[in-house]
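Heads up, the chain below is alone and in the form predicted on its own; it's given as C-alpha cells.
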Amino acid sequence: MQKELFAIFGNPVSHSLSPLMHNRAFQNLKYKACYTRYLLEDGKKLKDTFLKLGLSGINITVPHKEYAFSACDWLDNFAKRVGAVNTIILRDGELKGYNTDAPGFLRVVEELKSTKEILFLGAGGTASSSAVILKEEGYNVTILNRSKSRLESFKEKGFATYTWEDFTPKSYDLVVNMTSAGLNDNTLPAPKEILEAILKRSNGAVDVIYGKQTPFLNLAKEFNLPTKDGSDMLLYQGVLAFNLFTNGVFEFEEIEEAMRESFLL
C-alpha cells in the first residue's frame, strides 16, 4: 500500500496542531499515511492545489471553509445544510466534503453540564455549522456579530441575531468566541464594554482558538468564570476527520487515544 498524503489548508496555518495529531495517530495505529500543512493564500485555488499536490484528503481552517464548500463534487447532508466544509476526501474520483467542526463542538458542549442558553460571538463558517447542530440537539443559540450582513443566513434558520449596536446583554450558560480574534494579536471578539456586560451575567466561556490563553479567556477569568480553549474541539473534530480519511476502519475511542498523546508533547 502506497503511503497516502493528507494536509491542512489555511492562512495562517503554521500554528496548526493538526499535523502532529494526525501523524501521531497514523503512527500509533500503523496506518501508512503522512499529514502536513499548506499555506493557501487564495481560497479559489483550493481544488486545483489539492489535485496538484496529489492529496488523499485535507482539513480546512480559516478563512477557506466557504471556498472548500464550493470546491466539492459531492457534499454530505449536514455540510450541505450548513454551507461549510472543513474536511475533504478524494474518493471514487470525486472531492467529497464533510463538516466535522460542528459534531466536534457538540461533543464539547455535551460534556458541560447544565448548559442550555449559548451565545456565539461571530458569524463565520464554524459558527454556522455549530449553531445548526446545537439547535437540532435542543440548545438555544444566539448570534452576536459586528456586521449585519453575515447574520442573514442565521436569521433564515430561525436564530436570534444581534449586532453590537442593537444587542442587550442577558444571562447565558456559555459564551463562545467563534472568531479568530486573539489568534495572532491581543484583540477581543467584540468591544470590551459589551463583553464585560455579557460575562458578568454568564456561567462559562469557551474559545475555539487552542493552545493559548486568549484575551477573551483572560477577560472571562476576571469574572471568575470557568473557561476552556479549543483543544477538545480540535481533538474531536480531528478524530472524526481521521475516521473519514481512513474510511472508517478504526473506532472513535482508539483514534482519540492515539491522537490525545500529541497534546502531551
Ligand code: NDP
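Residue positions are given as counts along the sequence shown, with the first one as 1. Just so it is clear, the model here is predicted, and its values are computed rather than measured.
One more form of this protein should be noted, the form predicted together with the named molecule, which is absent from this view; the next part is about it.
Colleague: Does the named molecule come within 4.5 Å of any heavy atom of Pro169 in the model of the complex?
Modeller: Output for Pro169 is no: heavy atoms all beyond 4.5 Å of the named molecule.
Colleague: May I ask you to check whether Arg150 falls inside a 4.5 Å heavy atom distance of the named molecule in the model of the complex?
Modeller: Although the named molecule is absent here, Arg150 would touch it in the model of the complex, with heavy atoms inside 4.5 Å.
Colleague: Using 4.5 Å between non-hydrogen atoms, is Thr187 touching the named molecule in the model of the complex?
Modeller: Answer yes; at least one heavy atom of Thr187 falls within 4.5 Å of the named molecule in the model of the complex.
Colleague: Classify Ala205 as contacting or not contacting the named molecule in the model of the complex by the rule of any non-hydrogen atom within 4.5 angstroms, answering yes or no.
Modeller: The answer is no: Ala205 has no heavy atom within 4.5 Å of the named molecule.
Colleague: Heavy atoms within 4.5 Å of the named molecule in the model of the complex: which of the stretches 196-204, 226-234, 37-45, 50-58 has them?
Modeller: Correct option: 226-234.
Colleague: Counting heavy atoms only and using a 4.5 Å cut-off, do His22, Lys32 and Thr87 all touch the named molecule in the model of the complex?
Modeller: No residue of the spot touches the named molecule in the model of the complex.
Colleague: With the named molecule left out of view, which of Arg81, Arg146, Arg91, Lys157 would have a heavy atom within 4.5 Å of it in the model of the complex?
Modeller: So the residue touching the named molecule in the model of the complex, by this definition, is Arg146.
Colleague: Taking heavy atoms and a 4.5 Å limit, what residues of 170-187 are near the named molecule in the model of the complex?
Modeller: Result: Met178, Thr179, Ser180, Ala181, Leu183, Thr187.
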